[in-house]
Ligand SMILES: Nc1ncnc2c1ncn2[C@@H]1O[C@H](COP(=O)(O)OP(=O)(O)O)[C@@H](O)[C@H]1O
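The data below hold one chain only, encoded as structure tokens and taken in the form predicted alone.
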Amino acid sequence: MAVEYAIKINNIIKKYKIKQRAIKSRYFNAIDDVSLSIEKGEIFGLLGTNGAGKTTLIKIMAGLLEADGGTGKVLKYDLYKEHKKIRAKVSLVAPTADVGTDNNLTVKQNLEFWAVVYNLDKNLRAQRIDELLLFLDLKEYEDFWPMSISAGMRQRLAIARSLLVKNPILFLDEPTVKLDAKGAKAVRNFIKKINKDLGITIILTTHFIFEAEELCDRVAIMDKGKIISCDTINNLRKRLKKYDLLEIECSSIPKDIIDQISKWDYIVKCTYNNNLLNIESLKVEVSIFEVLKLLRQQDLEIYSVRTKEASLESVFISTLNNGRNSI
């Protein structure tokens, strides 16, 4: 089955001029020869430190900023010739929920106002607004002023506003950056819900590594305007040999059992020495259950179990170091 892409860009460049002195100035590439293919229906993350170029790239893909070079299509619309059509078919939520929110209107009135701005059919407005209030758990707050609800709820309101016209692509620029832990967790849960229940392609920027790990099907790691790696988290781990570790102290294990474990798809390496079974795995949460189950079936004694998961943070740091060393 052929892969269907929501976004496909090639060799995108965006230059900015910087004044160095009264007369002299220089250009630098905020986006430097970036190519990306994002599949329909996936959650795709742009991961990088502040200033890596994530927000600039999102604005280009959303049709809000024109690139200085390269080619691309968003929903099959040309990035240069049809940027107005692109803007009409994508939604963008800014890093702060208060952009576009009127504090003199209630939560529901804000959605009613934007429904008019988006020229949503009059017959659909009330139904769509009620659906979104329920979908994002804002129904009980519909008559509240935005400043009287939490920052997390205001971010949900901003997301609800972006979903009014049911655009197939949603850009989220650091959607949890100013939220407390509870509000951020709620927003992440709703991002997954929007993607799963509505089938919307979501592209988000973040410098929170755990957030990308929780949400994204694939991530592109950006640094100084370049994409230095792009893949699934598991594949990035494989490439850099960053695996989950499982250590089980147990009674003597027959060699055929060790050979059996070594052949499982998600097992990278399995060794046994001095009563310690050491396993490198792509999925420690699966490995621990299956290995312990097998050992129990063999009536082996288990004395202790320890795990260490390879985080995306270690992958991120290694990728940045490798990328910078190669320049």
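All figures in this text were calculated on a predicted structure; none of them were measured in a lab. Residue indices: 1-based, along the sequence shown.
Form predicted together with the ligand: not shown, discussed below.
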{"item": "The single option of 271, 260, 50, 298 touching the ligand in the predicted bound form, heavy atom within 4.5 Å", "value": "50"}
{"item": "Partner contact for residue 289 in the predicted bound form: the ligand, 4.5 angstroms, heavy atom", "value": "no"}
{"item": "Interface membership of residue 35, the ligand in the predicted bound form, 4.5 Å heavy atom rule", "value": "no"}
{"item": "Residue 56: touches the ligand in the predicted bound form, heavy atom cutoff 4.5 angstroms", "value": "yes"}
{"item": "Contact of residue 30 with the ligand in the predicted bound form (heavy atom, 4.5 Å)", "value": "yes"}
{"item": "Partner-facing stretch of 274-282, 290-298, 260-268, 42-50, counted where any non-hydrogen atom is within 4.5 angstroms of the ligand in the predicted bound form", "value": "42-50"}
